[in-house]
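Just the one chain here, the form predicted alone, laid out as structure tokens.
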Amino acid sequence: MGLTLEGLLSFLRAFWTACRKDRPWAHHDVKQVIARQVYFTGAQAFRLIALAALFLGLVTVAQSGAQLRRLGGADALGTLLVAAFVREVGPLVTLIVVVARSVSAVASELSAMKANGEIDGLRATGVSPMSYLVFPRVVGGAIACSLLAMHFAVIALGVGYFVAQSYIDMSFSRYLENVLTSIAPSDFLIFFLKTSFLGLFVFFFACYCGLRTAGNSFEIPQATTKAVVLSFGLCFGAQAAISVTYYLLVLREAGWTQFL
């Protein structure tokens, strides 16, 4: 199974053509598949995301709270937590969990369907695999990524408040105001790019790897591995590029024009 840029572009064109022709978002069956994908990727992974948010929120605030107390920078806590949980750590941890758990499952499921002849069966009955299989998994996966990242941020910020009480005497209203005023419109854009937008791509790559097999059963683990590796590379590379671009723009606004 070869994964090439030409093959990826061909797959993308076929996906776009099928979506324009079939309008899958208007079909009840496709909506049900989207709901099942959101449930599998989002709801069933909630406990894992909550555990990660609990641990990282505890560790991050415990380490930074003592330093902020020593330096007298309690008001910087909100800015620190927003940068950590909304802009950086939250989206990254969410995508790592999604790729390891759901992207691998989608790739193996579709490659198994290809090996069992189910894809050819769908085509024989006039059903487009792009519309019925790829579209709902891509859309449902992207929705689930955003929902999981939102839950991660809320849980981590909530844990942050209780841990911060050990270091900083701060009321909940002051803490909430500190956090909310630290969230800028650019944070929402970055959050969207790192969750929904990247979620679309990683699930698209999972479908691509799963359906590009020749229909042999021994290619199922190969497709799964390639989907996971490709998705991890995309996640780390894209998240790093988005973060670097953002901080370079921040430095330029602060007058550090030599960085651009």
Partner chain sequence: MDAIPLKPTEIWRAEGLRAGFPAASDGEIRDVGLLVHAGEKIALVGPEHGGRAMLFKVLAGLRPVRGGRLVTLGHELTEEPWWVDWDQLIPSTVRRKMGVLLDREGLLSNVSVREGLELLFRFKNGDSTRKHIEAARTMVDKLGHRFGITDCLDKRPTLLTAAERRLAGLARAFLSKPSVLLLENPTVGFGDLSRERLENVMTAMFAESARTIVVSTDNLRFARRFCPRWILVDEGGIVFDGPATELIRDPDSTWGTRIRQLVGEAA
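What you are looking at is a predicted structure, and each value in this text was computed from that prediction instead of being measured. Residue numbers count along the first chain shown, from 1.
Not on display, but discussed next: the form predicted together with the partner chain.
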Check whether residue 126 has any heavy atom within 4.5 Å of a heavy atom of the partner chain in the predicted bound form, and answer yes or no. yes
In the predicted bound form, does residue 14 come within 4.5 Å of the partner chain, counting heavy atoms only? yes
Taking heavy atoms only, is residue 21 within 4.5 angstroms of the partner chain in the predicted bound form? yes
Does any part of residue 193 reach within 4.5 Å of the partner chain in the predicted bound form? Heavy atoms only, please. no
Among the candidate stretches 92-100, 77-85, 178-186, 114-122, which one is within 4.5 Å of the partner chain in the predicted bound form when only heavy atoms are counted? 114-122
Taking 34, 219 and 233 together, does each of them reach the partner chain in the predicted bound form with some heavy atom inside 4.5 Å? no
Partner-free chain; cross-checking the partner chain in the predicted bound form, the single residue of 105, 130, 150, 163 with a heavy atom within 4.5 Å is 130
At a 4.5 angstroms cut-off on non-hydrogen atoms, which residues of 24-41 are near the partner chain in the predicted bound form? List them in order. 27, 28, 29, 30
